[in-house]
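Only one chain is included here, represented as structure tokens and corresponding to the form predicted on its own.
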Amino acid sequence: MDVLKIKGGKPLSGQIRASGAKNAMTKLLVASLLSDKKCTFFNVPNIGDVEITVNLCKEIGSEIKWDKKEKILEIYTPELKTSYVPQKYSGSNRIPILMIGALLGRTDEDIIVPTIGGDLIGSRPVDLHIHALHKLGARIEYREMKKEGAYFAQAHQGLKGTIISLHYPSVGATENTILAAVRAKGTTLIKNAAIEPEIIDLILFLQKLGAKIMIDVDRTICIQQASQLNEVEHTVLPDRNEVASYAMAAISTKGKVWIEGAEHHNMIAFLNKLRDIGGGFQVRKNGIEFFYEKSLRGGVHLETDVHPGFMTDWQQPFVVLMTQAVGASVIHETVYENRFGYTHTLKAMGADIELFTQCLGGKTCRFASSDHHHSIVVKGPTPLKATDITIPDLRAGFAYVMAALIANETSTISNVDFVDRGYEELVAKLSSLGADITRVTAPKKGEPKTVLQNTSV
């Protein structure tokens, strides 16, 4: 098991390049299965979730060439060898459920995919996925299999376009519906759809592939049946989660970091909140520079929301950032009901954080009547102390890395695989910015430690 050793107290300074977006690349691989033509992707991140999705696509018949150094991936699926996604992918990530939408237009066979996975940050119900696919003409049922559940889907009579209204703009349900609608007869309208940048990137890819898709101002997406599919070349958009993470790490350590490839138009809500607290940034032609300018101001109120609101994946490192700001701030999580579990470790490190089950802030959210802690008050500035940390999920993982970079002395962080799922070359990038970070393999009893990466500067 690998662990990170981080000695904090050093400002981050230097330049890195934004990697391709995890939440785009994994979905693009699935979308390529709609076609029997070759698809070539550029700016492909070498991260755990992409590796899992590549292996998943190979299981069902994809031929894949991936040049990890050049960040180029070619995928070609001339025919499906199977429509059964093995149970070993159960709980690995959230991609298997999206295979249903993509495969319904490629096969008359029963499609079998394992249960949904991902981080333990709250419920990720698939009822919106299933309702939408049912309306398009698919039959889907859940069955117990080999101690794990699986979804069985088929559309022997084909899919037919319809009007689908989502009661919540779910990213996954929107993506699944779009994928299925591309091969459905006629026209499909998705109302109250998610419109995250990664979904727009998916739509751009599908348009190149041969789909006809339009987006209206009222969150309505219109998909017309694709009559012909083409070979595609597509460059994956930069990862806005990674950009925001390194931005907050730079400012919290009182440093300065230039992120090449960071895109302004996908960071508006984040940059506005950064300006509210006094964090420095400058947008330039081909990226954004983030820097500590003066003491950070607390006293802010933040609510996570679907795009174009403040992204829920930005919330965890932002809370760490606010431990270094002067005053009390309110954070209200409205996307997932159980995303503040990581704060217990931050409190053990010295953070002043109090959790609430009430909706603190400007609006009442869908978790108002629940017993979930979905609001917090964080007060600062507070010094953070080093400790031993176990990562519970991806975004909490970077928040802990960020806290360790702030803390004095050395923290040991385990369950690093969670961070590997979404952050490319984490140790190399942080080391290039001046962080004192080492990745080692924790030894078994009686065995010496093995240093995997020791690139401290």
Ligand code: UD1
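Not measured: the values here are computed from a predicted model. Note that residue numbering follows the sequence shown and begins at 1.
Beyond the structure shown, there is the form predicted together with this ligand, which is absent from this document and is the topic of what follows.
S.K.: Please identify, from 280 to 288, 71 to 79, 330 to 338, 255 to 263, the stretch that has a heavy atom within 4.5 Å of this ligand in the predicted bound form.
M.R.: Going by heavy atoms within 4.5 Å, the stretch is 330 to 338.
S.K.: Does the trio 196, 313 and 366 actually contact this ligand in the predicted bound form, every residue with a heavy atom within 4.5 Å?
M.R.: Yes, the whole candidate spot contacts this ligand.
S.K.: Give me the residue from 245, 170, 324, 188 that has a heavy atom within 4.5 Å of this ligand in the predicted bound form.
M.R.: Flagged contact: 170.
S.K.: So which of 349, 126, 359, 226 gets a non-hydrogen atom within 4.5 Å of this ligand in the predicted bound form?
M.R.: Contact check passes for 126.
S.K.: Indicate whether residue 13 is a 4.5 Å heavy atom neighbour of this ligand in the predicted bound form.
M.R.: Residue 13: no contact with this ligand in the predicted bound form.
S.K.: Taking this ligand as it sits in the predicted bound form, is residue 94 in contact with it (heavy atom to heavy atom, 4.5 Å or less)?
M.R.: Yes, residue 94 sits close enough to this ligand in the predicted bound form that at least one of its heavy atoms falls within 4.5 Å.
S.K.: Does the 4.5 Å heavy atom contact test between residue 438 and this ligand in the predicted bound form come out positive?
M.R.: No - in the predicted bound form, heavy atoms of residue 438 and this ligand never come within 4.5 Å of each other.
S.K.: Quick one: name the residues from 16 to 54 with any non-hydrogen atom within 4.5 angstroms of this ligand in the predicted bound form.
M.R.: The stretch 16 to 54, when checked against this ligand in the predicted bound form, contributes 22, 23, 27 at the 4.5 Å heavy-atom cut-off.
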